[in-house]
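Below, in structure tokens: the form predicted alone, a single chain.
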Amino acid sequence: MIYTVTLNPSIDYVVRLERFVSGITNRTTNEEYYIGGKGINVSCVLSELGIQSTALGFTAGFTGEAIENGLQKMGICSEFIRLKDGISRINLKIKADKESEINTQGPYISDSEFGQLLLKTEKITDGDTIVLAGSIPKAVSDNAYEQILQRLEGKDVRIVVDATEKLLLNCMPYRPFLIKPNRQELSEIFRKEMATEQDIRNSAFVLRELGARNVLVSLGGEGAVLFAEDGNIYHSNVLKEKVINTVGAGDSMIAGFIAGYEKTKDYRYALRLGSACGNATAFSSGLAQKEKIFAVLQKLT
């Protein structure tokens, strides 16, 4: 079983405008909303690929109910901890002449409520996969991911981490199967601009030395590169289609990589399917759907 962990899920409210002007009333041309959160995005794309997962995390209030009901309608299993206070986040995504986002903080999570999540992770066993994705709420300790991974020590669990800076680095002693930094995140980790391919290569090798088994670096319009534990470096390109949406593209790439590796145990194919999923989301108004994913896959080299 694959378990995805989203500590701070959201409803992403997407508004589209021809142009956004601050200080006046702007009127939209279209609105959409999506169930959001990086781990949830992974679960949604895995479902499109025919792979079951269980979404873990926290929900609160009427927005939390909407998140759980939405996942249920999509046939995705969830086991969220219901919080006593607050509401799950509503994040605003503005699509106009420029893209802007307003991400909110989310509800308070007590130590006892976080403890309930830790208890749920005890069911994870040998052969399972856990995906830790995204930021953590302010109310939760900054070693939250470490607490979860400590519960899994001694088990043969495939660990996937998509987080920034300290959150990511603190997971390295647990030898994650896959991490997925982008160019900007590498720059933040190493306090250095990733100006050349050699900069990216050197940074990825350091992360491998720190414990990451596979380092997948997404490079936006330049594609992606995988520094794999088999000693090889694999590249994937991108298609030249109109980019409609970048939200969730990285999460889609993770889902595709996991699905590709689960199916074939082949890193090259896993990277291609991951890239196809990321591309397909970028070319869609929401997360990638099956038909679009495999149409893109056929065109990727």
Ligand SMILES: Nc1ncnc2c1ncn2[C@@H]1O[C@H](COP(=O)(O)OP(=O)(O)OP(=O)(O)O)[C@@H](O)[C@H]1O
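Note that residue numbering follows the sequence shown and begins at 1. Small disclaimer: the values here were computed from a predicted structure and weren't measured.
Absent from the display: the form predicted together with this ligand. The rest refers to it.
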property: Lys38, Gly250 and Asn279 each touching this ligand in the predicted complex (heavy atom, 4.5 Å); result: yes
property: Heavy atom within 4.5 Å of this ligand in the predicted complex - residue from Leu219, Leu92, Leu152, Ala96; result: Leu219
property: Interface residue in the predicted complex among Ser78, Asn182, Thr121, Ser203, criterion: non-hydrogen atom within 4.5 angstroms of this ligand; result: Asn182
property: Stretch from 62-70, 258-266, 29-37, 231-239 whose residues place a heavy atom within 4.5 Å of this ligand in the predicted complex; result: 231-239
property: Contact flag, Ile51 vs this ligand in the predicted complex, heavy atom cut 4.5 Å; result: no
property: Pro107, heavy atom within 4.5 angstroms of this ligand in the predicted complex; result: no
property: Ala224, heavy atom within 4.5 angstroms of this ligand in the predicted complex; result: yes
property: is_contact(Ser43, this ligand) in the predicted complex, heavy atom dist at most 4.5 Å; result: no
